[in-house]
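Just one chain is shown here, as structure tokens, and it is the form predicted alone.
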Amino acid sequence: MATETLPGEQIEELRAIAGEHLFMHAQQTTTWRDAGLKIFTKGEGSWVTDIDGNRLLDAMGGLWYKAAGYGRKEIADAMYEQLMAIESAPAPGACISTVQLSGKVADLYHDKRARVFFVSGGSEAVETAVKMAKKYQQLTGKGMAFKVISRRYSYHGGTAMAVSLGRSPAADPMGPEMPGAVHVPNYYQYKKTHSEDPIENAVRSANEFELAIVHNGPDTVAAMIAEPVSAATGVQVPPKEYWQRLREIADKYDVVLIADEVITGFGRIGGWFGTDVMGVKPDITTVAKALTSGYAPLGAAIATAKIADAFIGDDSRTFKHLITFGGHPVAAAAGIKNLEIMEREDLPGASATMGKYLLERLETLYSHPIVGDVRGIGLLAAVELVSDRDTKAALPVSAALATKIPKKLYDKKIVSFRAGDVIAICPPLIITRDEVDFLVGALDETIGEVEAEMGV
């Protein structure tokens, strides 16, 4: 239904229903209920229209996933055709679209003999990868390996096991945690923890994994997991040497290296996979979000042949893991068409090119005294605000940036999410130079307003 035909009474009714019955993800009910829930009715390209008729640039790409942009009729048509043919497969088998998508994903992956275990989303992909890594260790003679090492404050999903990995505050962690969850200090690009030299800082940060493996006993460690770029900790972009060191450590101690590419997979940082950009080959890769550009829920754990082949044999080697809607044929049809569009328009390449322009434009924000750092790779970037650029001291909580900045940006026709002292930027990969200019202009105005209110 077009926004202009929706009467005000119906808009209020929808907001009233939401206020009474809708449990929004990771949002305080009183905040959005009192302000009036933002309801969106249309999407086209990098833009969305809300129920009040406002047209806004989506600076978060949905939530890190809208690679091919909104309103792609080709994807909708592919989904419709699949629905009309057969909407789901009986338990013993699969549909053509699911089979074809597995081959397509493997073709894009570093190991062309990889197997793809489809799930419904990112949290399930991580759960699957960890379970797969533990079972692999059991099958290959490392039967006591159950521990998984992750980086503190990373976000790997909202389900009970995934929350144990990193214990990100954004995932609202609560005990008891998964037995064997081991946390090491995270990598920080801006507020360096080990050395002012970027490479030395990265390598020493990676070495925290080795210290944890040695301390816990290599025979007890099944896997280590990390994101190529940590979005939850403020879009921290490590040099290649960081991931190359992780690969060395995993090989040295026979530990499965899991790359969580739920955000970075499929073009986001300038390559089909973030680890391609980092020059590293993980053992298992988790993906979701941009696999369908958000047109349907779909995720996967991609296992190299080394991992997957260990599960072939008699029944004792079976990976007894089942997700009812994993690899749903309608979602798979969306994935196939989405990847076809991304290849045809070279969206990973566009991400690399437009990402450089975005970073150049964002660097003009250093004209504001409270802008401490601008960082990014591809179309995944962040602006970090500080009270003192020299000391990198954080702004006071009383500044209430997480409340002010998203509202100010929305008023300037920009959709953001959880923007506070770190403003994350993750637009669709189809964003244009003019749209980047519009986005940075809104950020410039917003930061200026915040400074004026703070008396800077």
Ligand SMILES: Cc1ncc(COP(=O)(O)O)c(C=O)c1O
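Treat the numbers as computed from the prediction; the structure is a model and nothing was measured. Start at 1 and count along the sequence shown; that's the residue number.
Note that the form predicted in complex with the named molecule isn't included here; everything after this is about it.
Enquirer: If the criterion is a non-hydrogen atom within 4.5 angstroms, does every one of G122, G157 and I263 touch the named molecule in the model of the complex?
Expert: Heavy-atom distance to the named molecule in the model of the complex: all three under 4.5 Å.
Enquirer: Looking at E210, D283, E384, E227 here, can you tell me which has any non-hydrogen atom within 4.5 angstroms of the named molecule in the model of the complex?
Expert: Checked against the cut-off, the match is E227.
Enquirer: Of these, V126, V148, L291, A303, which has a heavy atom no more than 4.5 Å from the named molecule in the model of the complex?
Expert: After the contact test, the surviving option is V126.
Enquirer: So which of 77-85, 249-257, 352-360, 149-157 is the stretch with heavy atoms within 4.5 Å of the named molecule in the model of the complex?
Expert: Stretch with heavy atoms near the partner: 149-157.
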